[in-house]
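In the block that follows, a single chain appears as C-alpha cells, in the form predicted on its own.
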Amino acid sequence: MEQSPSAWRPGADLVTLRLRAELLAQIRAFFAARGVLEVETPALSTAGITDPHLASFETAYAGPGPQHGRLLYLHTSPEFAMKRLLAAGSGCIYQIARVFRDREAGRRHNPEFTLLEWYRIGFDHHRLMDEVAELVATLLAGRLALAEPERLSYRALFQRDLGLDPHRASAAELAACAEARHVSIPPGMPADDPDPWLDLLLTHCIEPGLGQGRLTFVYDYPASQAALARLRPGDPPVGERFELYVNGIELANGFRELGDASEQRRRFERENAARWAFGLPVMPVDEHLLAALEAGLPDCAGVALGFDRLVMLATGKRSLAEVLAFPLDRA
C-alpha cells in the first residue's frame, strides 16, 4: 500500500504529547500520595481472553527451551496478572499498561492503546467510584468544565430514558423498543436473549447523552452482565460493577471483584460456549488466575480507565488518532 509522504510524522501534535506526559505524571503523583504501588506485568500470556466481545492478538515463542512453539496472546488488559499479585499480598496496586485488542479501530478505538488499571483492597464499587471521580476531576481540572457527578443504577437509567425495566423486559419487548426508535438492527439478533438487545439500546439510544458536561456513573448491572464482578443477591440479583461516561464517551469500567474460583471458572466456560456458538475460537482459560483466586483474593474493587480517551477529553480532540503518537495507520 502506498503511504503518504508525511505518514512518518506523529498523529498527535507536540502540545498533545506534552500533555500526555503531564497527565501521566499527575496519575503517578495521585497514587503515590495514597500509597498505591505501581506495578508492571507481562503483555504476553499463555491464556487468551474468553469474552466473546474481545479478540486477542496471537503470536508464538520461537526461542529455545521447552516453551518453543508455544502459542501466546497479547493481553487485552493487565487484570488477571494484577489479581495474581493481589492474591500474593501486594496490597493496593495500579498499572499504566499498553494493551492490545484485535478488530478494534475507529474514532475511539485503536488496536494498541494505554489503559490505567488499579485495585483497592477493602473498597466496594461505590467507594471506588468516589476515587475515580476524584482522579478524573483532578486530571481534567482547568481543561474541561464539569458539573457535579451523577450516579444512576442501570435499572434507573433504562427507566428514565426508555421507560423499560432492563431486569424484567423480554427480548421481544426490547426489540419493539428498538424498532420504535428506528434503531438499525444487526442481523442475527436473538429472539430469546435480552442482553444483546440491552446493549443495542444502550449504545444507540442512551450512551450518546450520558455524561454531558459531567461524570455519569452507571452501576449495578444485570447479573448476566456481571463479567468479573461479584453478584449481590436480591430481586433481581445484580452485578456489582459500574461504567463511567463523560460527554457520551465510555471512560472507565469497574467491579467489586469476584473472588470465587469456581464461579469464575463457570463464567469462563460460559463465555467459551458463547464463542463456540458465534463461530469464534475457544480460548485457553487463565489457570494461574484461577489458582490465585483459590489461594484467596482479598476483598477489593478494581477499575480500568482508557487513558487515551481521557486525553481526548482533556484536549477537546475528536479521535484517538489525534492524541496517539503513531496510531494504526502510522504504525
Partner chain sequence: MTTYSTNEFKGGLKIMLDGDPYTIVENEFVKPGKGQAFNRVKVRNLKTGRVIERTFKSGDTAEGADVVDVELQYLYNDGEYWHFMDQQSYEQLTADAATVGDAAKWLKEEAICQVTLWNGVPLSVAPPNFVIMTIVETDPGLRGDTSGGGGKPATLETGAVVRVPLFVQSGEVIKVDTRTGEYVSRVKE
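Residue numbers count along the first chain shown, from 1. Since we're looking at a predicted model, the values are computed, not measured.
Missing here is the form predicted in complex with its partner chain; even so, the following discussion is about that form.
Comment: 199-207 is the region of 138-146, 199-207, 121-129, 83-91 lying near its partner chain in the predicted bound form, near meaning a non-hydrogen atom within 4.5 Å. Only one of A274, M283, L297, L54 lies close to its partner chain in the predicted bound form, with a heavy atom inside 4.5 Å, and it is L54. Exactly one listed residue, out of R151, R232, H167, H109, brings a non-hydrogen atom to within 4.5 Å of its partner chain in the predicted bound form: H109.
Contact check at 4.5 Å (heavy atoms) against its partner chain in the predicted bound form: none of R155, E257 and S262 pass. In the predicted bound form, its partner chain stays beyond 4.5 Å of every heavy atom belonging to L71. Proximity of R103 to its partner chain in the predicted bound form: non-hydrogen atoms within 4.5 Å are present. Using a 4.5 angstroms threshold between heavy atoms, G163 stays clear of its partner chain in the predicted bound form. In the predicted bound form, at least one heavy atom of A227 sits within 4.5 Å of a heavy atom of its partner chain. Residues E250, N253, F255 of 249-268 are found to place at least one heavy atom within 4.5 Å of its partner chain in the predicted bound form.
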